[in-house]
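Two forms, one chain: they're shown below as structure tokens, one block per form, named structure 1 and structure 2.
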Structure 1
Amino acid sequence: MDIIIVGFGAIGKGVAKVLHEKKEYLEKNYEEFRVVAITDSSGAAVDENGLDLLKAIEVKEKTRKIKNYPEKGKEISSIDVIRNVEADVVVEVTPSNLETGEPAKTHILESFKNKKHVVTANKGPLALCYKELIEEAKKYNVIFRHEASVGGAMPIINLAKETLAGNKILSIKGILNGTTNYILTKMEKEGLDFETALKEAKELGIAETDPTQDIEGLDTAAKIVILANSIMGMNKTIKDVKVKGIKRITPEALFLANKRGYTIKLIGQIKDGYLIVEPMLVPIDSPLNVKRTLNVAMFETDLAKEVVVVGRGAGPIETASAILSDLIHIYNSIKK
């Protein structure tokens, strides 16, 4: 199965690393998963016989540009690669843009038009124009998978749609942002104020240099929009979410909550057609009370009742785990 990786930052490199590590496993159980092109903002490396993934990672880390890949590197846009390089699947892992969804939206639509299946971890286009993407995938008769867009390694979307098939999902709530959960855990356990906990999270690389999307709840809002649309059949965008971040939470508020048997968590919730992201009181003994950077999602269903999944919501290898599972699904659908 031939693959194009579009975007070669932390997650793109994570995908390359995982495909390299799982090479024998994939060849034994399926067939060769061959990466025939990798693109970034500098250009691309293209080889229809398959690129050397370790060499690609090394070139990117040393020179920051994939076009410097020996002999196979060139200055060419991602769109031209999608149009002109023969492949079965495009893995779209450029940075998420929650304002316009670009350039990922164009990459995804162009892949569909060129009869390529798509796996993405990109929240932007999914949070802004989910319905359009699903309709275009149907129109061109291609598979569109995006497990990695919510909850990193956690199987949330595929669990609800495949494992829990036949159940009506009545509500979904959970912690879908590791940065804010880490900050709240530090504030609760060590009595740190918000700014100090944020500074520490930045130093450890848990928070981004500009953590606005995380701490203001926008990252969680994008993720619950994706869940509402993909699992519960809604047609929502990020503008439909009532959002409140964690900036105003104090160590005193957490201390008082603890005394009453609760903690405070940034919860994303879909219930009765409403989408809400805000700090909420969570009982200390609730399965939603996970610590540090862990994520958790709880489904309330008609048959299975409550189902809870906990896991690592971020990290290149964790996210690549979900991408690999989507790639295997596509392989099983098209090659058998």
Structure 2
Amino acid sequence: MDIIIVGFGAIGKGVAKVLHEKKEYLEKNYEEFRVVAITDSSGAAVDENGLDLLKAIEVKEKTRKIKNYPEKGKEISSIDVIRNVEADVVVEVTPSNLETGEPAKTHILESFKNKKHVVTANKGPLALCYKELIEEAKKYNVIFRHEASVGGAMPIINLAKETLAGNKILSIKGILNGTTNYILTKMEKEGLDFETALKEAKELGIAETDPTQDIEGLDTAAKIVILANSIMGMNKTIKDVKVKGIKRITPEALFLANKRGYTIKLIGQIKDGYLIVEPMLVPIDSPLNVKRTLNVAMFETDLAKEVVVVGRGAGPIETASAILSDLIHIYNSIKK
């Protein structure tokens, strides 16, 4: 199966690393998953016989520009690659823009028009025009998967759509941002100051390209919109979310909360049609009290009653795990 990776930052490189590591597993159980093009803001590397993924990562890390890939690098836009390079699937992992959804929205729609399936981790277009994307995918008869867009490696979207199929999801409450959970954990457990904890999160490759999206709660807001629309049958946008971030939370506030048997977590919640993101006091022994980059989601459903899922919500390899599972789903759907 031939793949184009659009965006070659933390997640794009994570996908390349995972596809390299899992090469034998994939060839044994499915077929070769070949990356025939990689793009970033500088251009692209294109090889219809499949790029050397370790070389692509090395070129990117050494020169910051994928167009410097020897012999196969070129100054060409992602849209031209999507239009002109033969491939089955586009993996869209450019930055999430929560105002316009670009450039991802155009990349995704252009992929559909060129009969390419899409796997994305990008929250922008999903939080702004979910219905349009689903309708366009149907119109061009292509598969659109986005498990990585909410909770990273934590199974949530496909879990609700597949394993909980038939259930009515009555409410969802959880921690859906790894960066803020990492910061709150480091402040609480190690007394680290906010800026140092944020710097560490950036070095881990878990923060957004613009980390204010994490800190101000907008990333969590985008994710609960995606959940509301994709697994609760709503039609919301990010403007429908009441949002508060964690900027005012201090190590002292966490210490005081602990003394009273609580911790403080950034909680996203969908209940009775309302979408809210705010820091909340959480009992120390609550299932919501997960640490570092972990995410957690508590579902209330009509048949399965309460369901709780926990997993790493961010990180290059963890997120690539969700992207790989969507790629395998597409393989099973188109090649069988």
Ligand SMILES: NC(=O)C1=CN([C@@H]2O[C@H](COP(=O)(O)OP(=O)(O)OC[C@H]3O[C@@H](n4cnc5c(N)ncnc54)[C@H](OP(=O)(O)O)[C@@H]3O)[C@@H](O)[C@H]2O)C=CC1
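Heads up, when I say rigid core I mean the largest set of C-alphas that superpose within 1.5 Å between the two forms. Residues are numbered by position in structure 1's sequence, first residue being 1. These numbers were taken from a predicted model, which means no experiment stands behind them.
In this comparison, the chain shown as structure 1 is the form predicted on its own. Once both forms are fitted on their core, a CA shift of 2 Å or more is seen for T196 between structure 1 and structure 2. Core-superposed comparison between structure 1 and structure 2: the Cα of P283 travels 2 Å or more. Once you line up the core between structure 1 and structure 2, the Cα of I246 ends up 2 Å or more from where it was. Summarising the core-aligned comparison between structure 1 and structure 2, the C-alpha atom of I206 is found to shift 6.2 Å.
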